[in-house]
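Considered here are two forms of the same protein chain, supplied as structure tokens in two stand-alone entries, structure 1 and structure 2.
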Structure 1
Amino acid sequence: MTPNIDSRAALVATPRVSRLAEDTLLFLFTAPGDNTPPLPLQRRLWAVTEELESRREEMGLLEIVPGMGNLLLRLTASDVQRLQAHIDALTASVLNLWSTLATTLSPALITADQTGQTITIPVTYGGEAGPDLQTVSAHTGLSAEAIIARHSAGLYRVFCLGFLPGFAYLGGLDPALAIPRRATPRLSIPAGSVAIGGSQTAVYPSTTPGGWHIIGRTDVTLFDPARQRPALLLPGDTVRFVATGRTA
């Protein structure tokens, strides 16, 4: 199973721009209500991010934060008189870059299957490791065995990092497994918990409150600040889950 890939999707989005603060802009490249952008669109966003990173000082950017179908930019300090001109110039530059990449990115690049590393994550499903497996079963009408089979058969792509250090939002979830987030979040979810929230799946890298449905757990360390690459998963990486068993 591969993530939904439609090369046309990278060409049709009309960016929307919001000013979140005096010095902060949010560019939205997906339609309202779209939680998981098509992979070609996200690839194009990564290309925009890479170009902005190479011109960070020139463009006066303090922060460049890519998300799922969106991009947050925070400007360096500027006097009030010059700030609006800076905002206008930056907005025009990003929109022009987005448009230019639509014609300069090759179809092979925006539909390519591989960008980063391929990482395999072993998972124990159900039982204490996955207390919400039966809830997902009741919602989807699938047996626990079918859920495990579908989830571990998926090929997932890291779209972005957020929420916690090392928390990777993964696209490519089988639509049959989609389930709304819990009405009441848990106060504490163990590190390594494998979860489904909406149309996405993820692994909690550390113990934290959270509202996704926990279907399993892994012993793999998702984030370690002592490693050369602290976050195991980075945007563009491919993830496979391997079922190592199911507890009672």
Structure 2
Amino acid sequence: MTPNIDSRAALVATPRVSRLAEDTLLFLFTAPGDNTPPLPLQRRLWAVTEELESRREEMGLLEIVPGMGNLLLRLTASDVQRLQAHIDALTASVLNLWSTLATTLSPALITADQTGQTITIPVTYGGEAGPDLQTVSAHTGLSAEAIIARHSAGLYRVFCLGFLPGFAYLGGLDPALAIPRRATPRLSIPAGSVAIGGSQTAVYPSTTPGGWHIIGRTDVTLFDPARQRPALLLPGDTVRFVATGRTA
């Protein structure tokens, strides 16, 4: 993607700011109704996030949570009497930061994009590891082999984390693989399951109920609270799935 296209896309949205609790702000950088931010916009969001992370204490930030084209910020509110002044100052800093990152030529923005790692996740597709592969095949009209080929050919971007510790919201699923969620959610999706729900794909870091279609499984540990880097995948990272076999 060229810098010119990046900066054009990044300039479209005007941020909207909402107050959640007395100590929390939500900045929405996408236009209303636009729920899948273009990569350049999300990249700009990562740059803002990174800048705020580096000044977390100085700015009195308790939580810095990037979402899909948005950012939640919660203050520690150590001085309640000055909370309102603190909120006003934070609003101004973030809006200022957002506008100074309006161009991809900004060094911070380039850095934010380059810090991302490329992570390869080996997947056993189908069979017991992926009990819904046939369902996806029936829905999409693609053979199991074609689904595996398309799913493992994709380069996915981690947009943000949430839902479960280490659960990555990935952008970049081949639209041909999209399938509505199951009518009845499963009571238990095993940890390591690789699944498709709507136009998204994800890997489940821990066992949880869920309505996505399981197409495979990985042995990779996505989240370990004892690890130096507890979450394997972080915003800005690129993910590649590699088929290691098919059990049926």
Partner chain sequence: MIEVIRCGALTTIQDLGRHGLRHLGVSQSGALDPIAMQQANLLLGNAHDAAVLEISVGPLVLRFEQDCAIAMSGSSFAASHSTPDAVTETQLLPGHVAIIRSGETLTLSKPLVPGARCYLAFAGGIDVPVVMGSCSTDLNAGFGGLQGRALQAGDRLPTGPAAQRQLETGKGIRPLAPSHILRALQGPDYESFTTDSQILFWSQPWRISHQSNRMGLRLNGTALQLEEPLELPSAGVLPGDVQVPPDGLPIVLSNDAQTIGGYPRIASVINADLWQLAHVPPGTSVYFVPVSLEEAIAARARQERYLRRLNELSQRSVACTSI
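The first residue in the sequence of structure 1 is number 1, and each one after it adds one. On a predicted model such as this, the values are computed, not experimentally measured, just so you know. Each form is matched to the other, and the largest set of C-alpha atoms that superpose within 1.5 Å is called the rigid core.
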Please let me know, 1 or 2, which structure is the form predicted in complex with its partner chain?
2
Core aligned, does the CA of E128 move at least 2 Å between structures 1 and 2?
no
Residue shift check between structures 1 and 2, rigid core fit, T207 Cα at least 2 Å
no
2 Å or more on the CA of E22 between structures 1 and 2, with the rigid core superposed, yes or no?
yes
Quick one: how many Å does the C-alpha of E50 shift between structures 1 and 2 once the rigid core is superposed?
3.8
